[in-house]
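One chain is shown next in structure tokens, namely the form predicted on its own.
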Amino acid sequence: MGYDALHERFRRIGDLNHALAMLSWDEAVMMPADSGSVRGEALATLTGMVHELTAAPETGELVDAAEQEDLGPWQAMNVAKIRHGWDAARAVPTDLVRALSRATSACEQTWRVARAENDWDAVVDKLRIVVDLSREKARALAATFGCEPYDALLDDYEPGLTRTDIEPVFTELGAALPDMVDDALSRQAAARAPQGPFPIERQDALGRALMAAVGFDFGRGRLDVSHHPFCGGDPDDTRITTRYNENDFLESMFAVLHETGHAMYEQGLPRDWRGQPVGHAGGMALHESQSLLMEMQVCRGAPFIEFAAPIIQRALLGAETDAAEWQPDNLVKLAAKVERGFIRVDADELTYPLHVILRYRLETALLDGSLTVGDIPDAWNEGMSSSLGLSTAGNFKDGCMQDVHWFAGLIGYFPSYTLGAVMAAQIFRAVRDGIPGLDDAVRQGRFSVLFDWLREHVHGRGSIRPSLELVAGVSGRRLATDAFLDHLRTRYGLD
């Protein structure tokens, strides 16, 4: 049977992708500093093997045969996704796939050292290679699918997404948010930050306690440290990383909760479709919606802070306290603090989209050649100055080198963050409608109520439907900014 053979073929491809994910996790977390070259070759070899298996004529023959069979809806969508992946794989030569893998490994490994040293010159030539190869890949995909090169890369991260979906959202947010930031800053109540230092081992204990409380399965995952927080692996081997600032425990705490949102989505994907394309997450915008629903919609809200405050106190201080700075009302103010800052991952909900819009504008210009790699620092400084009033001149570490994405070849990923925030607001509005008394459940630590709903409506659906369709089905309307903007007005007390 064509379908059965196709299913087995992608089960084996899934195993290879799992191995790739674990090698990539190890590279970011614990690989010896001088092992980068050999690891880069191993990653390139495995990436090439996955590509060759996917693009092989036999795969196309099995797809043709499976399409003639009487299939259920999950099987039919699995075949459709495999067909699309086969077409995409055939469009890109294996030599280019391996070359891009090698280039991104070398560039990312250099970036880890160079960023800490504020050394743009050390990485710029390697980044040029990554961008050139990414353009080549984008052109090949665009020629096959009859689309724009940037849309071809977007499809890697959120299937079916195009710039025509992004532009209205980003235009509306770009117009609305600057005045909202000014308004929020003028209204912001003073809050007193607890004074550190907060030892890393205590912050680690706090992160683990909160992960366990919301339902993360440590039997199928773990928490580690890396240069840039991420969630990787697969549903039954889920890896979270964070980084620590001994003077501000909230940075790592919310990073852990954000990545836990990703992990809970992964761990909730449909068990019957492990390793199959239809069983994967719907796309990175939808993935980000689940991390941002966790971090922003739930965990920065008053009900969660009321639940978490005693856990925070016990983890960091060893006991509960009556000190004002550790009380829920003060922690809520800190969790919703608005500040024009340099760092995207530390940004509040109001300024965060402005960081993403800047990156989106720059990477689209990089891809079409209207911006050169050498001009990134100046363009970044100009964008930060106009959108947030901050200069990054000479500050590469906190400017154009702060994110790993371009150095790792992830061009087309950045829009997922803000689209995810918009999706999260729409989905959470539906969650509230579907779960009476949700705030009380969160205050009491009964997170299963929330995740049971999400597994039924989002997590357990895998990619049986395109993400934009799934969000529309859950929320009752197409992707739009109104739920997100309403959420911001409510949380920050804006007119």
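These numbers come from a predicted model, not from an experiment. Each residue number is its position in the shown sequence, starting from 1.
The discussion below concerns the form predicted together with a further copy of the same chain, not included here.
Chemist: Please tell me which of L479, L16, L485, V474 lies within 4.5 Å of a further copy of the same chain in the predicted complex, judged by heavy atoms.
Modeler: Residue within 4.5 Å of the partner: L16.
Chemist: Which one, L468, M49, I464, A55, lies within 4.5 Å of a further copy of the same chain in the predicted complex by heavy atoms?
Modeler: Only one option qualifies, and that one is M49.
Chemist: So, in the predicted complex, is R222 in contact with a further copy of the same chain at a 4.5 angstroms heavy atom limit?
Modeler: Yes - in the predicted complex, heavy atoms of R222 and a further copy of the same chain come within 4.5 Å of each other.
Chemist: I'd like to know if M30 sits close to a further copy of the same chain in the predicted complex, meaning any non-hydrogen atom pair within 4.5 angstroms.
Modeler: Output for M30 is yes: heavy atoms within 4.5 Å of a further copy of the same chain.
Chemist: Spell out, yes or no, whether the shortest heavy atom distance between D70 and a further copy of the same chain in the predicted complex is within 4.5 Å.
Modeler: Heavy-atom contact with a further copy of the same chain at 4.5 Å: absent for D70.
Chemist: With heavy atoms only and a cut-off of 4.5 Å, decide whether D236 touches a further copy of the same chain in the predicted complex.
Modeler: Yes, D236 lies within 4.5 Å of a further copy of the same chain in the predicted complex.
Chemist: Given the stretches 41-49, 422-430, 450-458, 436-444, which is the single one in contact with a further copy of the same chain in the predicted complex, using a heavy atom cutoff of 4.5 Å?
Modeler: Result for this chain: 41-49.
Chemist: Who in 10-26 is close to a further copy of the same chain in the predicted complex, meaning a heavy atom within 4.5 Å?
Modeler: Residues within 4.5 Å: R11, R12, D15, L16, H18, A19, M22, L23, W25, D26.
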